[in-house]
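Just one chain is shown here, as structure tokens, and it is the form predicted alone.
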């Protein structure tokens, strides 16, 4: 009895290991388009590979079926992930609930998975070029470089477009989404998530490179729909950093709406305290230049931006006649509004929204449409927040589907 897995990434390798654990006699083959396994895994966590997070709640994931996602996560949770890698010999470090390999190298995680695969005798075909996958009777027929393979079960673990350049992306009928579509599945529109935001304002070139702790709110059609707090990175094209990236899925989801981000550059100061401080500043600094007045408020580039937006010259002296302009500039420090055009492209994204509709799989991630087919990882329309949540989904979905596939082959 044979199982095919298309994709040798995080979910695909975990699925293969789980299938072997549930049925040592099953013949497993992994097809991987790249010339090396787990290539995308190497870039996770800035190369340090944040494998999971101890604090996993329902709102850590975005999906049309949160109950299904959490059932999968609870069945193979963070402790299961930690135990799995420790049993594979990987020492781990816990950074306030964020779990990393002690080596702080993603290669450690990739190599341990691949070692487990080779030790189990699982066949891996690297540099594969699958031209078609179809169901024939009770079997799956895979054509790779004119060679035909026949399998009893198929696990699609092809990943998404995230992190892949257009040049290296599998396109047309051969990408994972197309394979699932031709097998009968619905594919929700695939767009970037966990990536930087592209904004309209020309002034971003003046503040590129500045980092600031900020509270940011995504505003859609003049209504706040989400907020984030943390270090925001200003770039020449817009906003980056984890808080901005956390909002990217909503920017992609609501791309047809008027989208803005409201930035509070002093989130640690309550409004009453700030008003009192600024009133005292206005009173005590009458007669000084604008550059003197704003010194100490924010990063110097941000101070210059506030002055520019309020039409204040740096040498202009504060007085009763121009006081309103200074007050307006101070208000911008609490509510700087920018227009969002969209997100950075797939190659800059960590994950995607969209993919196979989760309503078409069951709680073991079996296809409800094609008997014998399983779909895991980023192939499904599930995405998580930054912080180990997406890799936890990869491990959990891969393990649950792989183990179930192995048992089914054993029982067929």
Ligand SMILES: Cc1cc2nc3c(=O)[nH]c(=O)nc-3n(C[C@H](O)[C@H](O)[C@H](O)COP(=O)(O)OP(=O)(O)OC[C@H]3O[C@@H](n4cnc5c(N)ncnc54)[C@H](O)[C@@H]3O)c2cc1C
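All values reported here derive from a predicted model rather than from experimental measurement. Residue numbers count along the first chain shown, from 1.
The protein also exists as the form predicted in complex with this ligand; that form is not presented, and the subsequent description refers to it.
Just one listed stretch, out of 287 to 295, 154 to 162, 246 to 254, 311 to 319, contacts this ligand in the model of the complex at the 4.5 Å heavy atom level, and that stretch is 154 to 162. Within this chain, residue 128 lines the site of this ligand in the model of the complex, having a heavy atom no more than 4.5 Å away. Although the partner is absent here, residue 366 is not a contact residue: none of its heavy atoms lies within 4.5 angstroms of this ligand in the model of the complex. Interface residue remark: residue 34 is counted as part of the site for this ligand in the model of the complex, having a heavy atom within 4.5 Å. The shortest heavy atom separation between residue 40 and this ligand in the model of the complex is within 4.5 Å. Against this ligand in the model of the complex, the set 199, 265 and 343 makes no contact: no member has a heavy atom within 4.5 Å. Of all the residues from 49 to 65, those having a non-hydrogen atom no more than 4.5 Å from this ligand in the model of the complex are 49, 50.
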